[in-house]
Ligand code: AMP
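In the block that follows, a single chain appears as structure tokens, in the form predicted alone.
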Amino acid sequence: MPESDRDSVMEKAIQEFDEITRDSSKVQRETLKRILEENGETEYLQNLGLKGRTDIESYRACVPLVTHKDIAPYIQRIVDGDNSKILTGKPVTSISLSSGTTQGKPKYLLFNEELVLNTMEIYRLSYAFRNREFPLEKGRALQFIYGSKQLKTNGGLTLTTATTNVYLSSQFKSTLKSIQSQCTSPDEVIFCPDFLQSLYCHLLCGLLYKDQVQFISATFAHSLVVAFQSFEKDYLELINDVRTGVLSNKITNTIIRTAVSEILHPNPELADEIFKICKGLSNWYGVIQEIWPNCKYVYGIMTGTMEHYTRKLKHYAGTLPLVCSEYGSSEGWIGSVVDPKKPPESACFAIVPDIGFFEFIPLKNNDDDGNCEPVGLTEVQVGEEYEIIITTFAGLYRYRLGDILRVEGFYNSTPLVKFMCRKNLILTINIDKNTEKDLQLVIDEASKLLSAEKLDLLDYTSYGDVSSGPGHYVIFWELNSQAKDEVLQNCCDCMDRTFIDAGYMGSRKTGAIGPLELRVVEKGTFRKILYYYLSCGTSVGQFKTPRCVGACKIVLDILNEGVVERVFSRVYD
């Protein structure tokens, strides 16, 4: 597509978004009506007595709030081959797997053509806002994207991750070609079953097209950090491949080897250039902007637990902007970044009012079970926090996603929201209640002590150890270098002191909860956790380090096997 035509398409996408957000309340009513008209004959809605009604009031009166465990039996019937209209009026084309890193095991979710259309809509919109701020020239994109294993259910449906379902769709390829730069890597690299071989070839292809790369992206910031940590380790071998035109022997998959070899030719001048750049870097600072001089930004999900990785990513990116991508989940899409200039820690998402029907449970004056009347999209208040409820075109009705959002403002009449954390309590032993966000704040505070010693926290997780009384919190850390005993002790004390939940502090003072324990693991331990989840069918593009590992004994065993130092808090002694 000519650049002028592409720009016209992008501006049209923004204009259409402006139109649907001028009266988001009306659009929400119309969207719910369309969802219910398409799915009104399903067994699920029929049994709830909706009787064809499509208004919001009837919908709320008849349809209960649910979590995944409530609808899992219906999905299982579809997985097992029941082709009747159980949750959706339109056919289910495949089954998506969630990453499994939040709850300890993957969830089955429905995937259909409506989700593909929603995905393309939000891709176009997000790209339009990015392109307005960071105009791209004709070129390529270095995208660290990965397909995952594709299995068959008992009923004959494809079973794979949500991201792979998207990558497999013809609409995905045609949309990217019409709006974005071409990927540096051939499809064979994306769908290679071996993550390490795929990653190596992504890096190599990115080097071959180094002067054409316009932006660099991955689904999550974590994937980008992993990619450039691998580049640090493999850069000499990659340069040798560029120099000789012969692919490394470590690439044993014949399909990916053939595809990459077709674009790999001896280029000693390029190899010398890359080698000179790498040798001139100070601790790999700014490697992205130095090797890819025409790159305009680095792009991916950088909110929530991904914020932890942005510090290292900023180091690799140098002065290049880090741009947050769309807000969604395996269940469906929610919002788009409309101000891509904002740094990741300030990123907000404008909820797209025609992509689903949204409700919000206010957390203010709410009890632990969420027993508070939900409000509509346009009824939220700036500065307040809410648990989001979604209704989608893919068989989810008043589904509690488990995400906590804070309303930062409005784009026309649709809310601008900031992702805060997952709702689930991840650390609780007695009467204490600490969420993912609480843990992140504690980690951030202790990380300041590490920074003063020029140490980096590479990754972290936690669990509540109740194997002996009293139970206590355990925090696992992986560091870039060895820390002095005194530094670790001060960090351990800092974390114990920074948990400000009244239940936790009270339990610590009375001895109902024991001293917090910091366990430092050897380098590479968290990479082993990644490999474990990949072996279970999770895609690298979906992987998020679990921030609590109590639900998975195998992951806990991996961590404990890697422990090299243990420190207990002296606070409250």
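Note that residue numbering begins at 1 and tracks the sequence as displayed. Keep in mind that what you see is a predicted model, and the values were worked out from it rather than measured.
Not pictured, yet referred to below: the form predicted together with adenosine monophosphate.
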Revision key, fill the gap. From 88, 98, 434, 310: within 4.5 Å of adenosine monophosphate in the predicted bound form by heavy atoms is 98
Study note, to complete from the structure: If we test each of 237, 121, 326, 339 for a heavy atom within 4.5 Å of adenosine monophosphate in the predicted bound form, the one that passes is 326
Check your understanding: Quick check: do 303, 403 and 544 each get a heavy atom within 4.5 Å of adenosine monophosphate in the predicted bound form?
Key -> yes
Practice item. Spell out, yes or no, whether the shortest heavy atom distance between residue 422 and adenosine monophosphate in the predicted bound form is within 4.5 Å. Key: yes
Point to revise | 4.5 Å heavy atom contact, residue 349 and adenosine monophosphate in the predicted bound form | key: yes
Practice item. Using a 4.5 Å heavy atom cut-off, state whether residue 330 contacts adenosine monophosphate in the predicted bound form. Key: yes
Review point. Which one of these stretches, 72-80, 295-303, 273-281, 442-450, sits within 4.5 Å of adenosine monophosphate in the predicted bound form when only heavy atoms are counted?
Key: 295-303
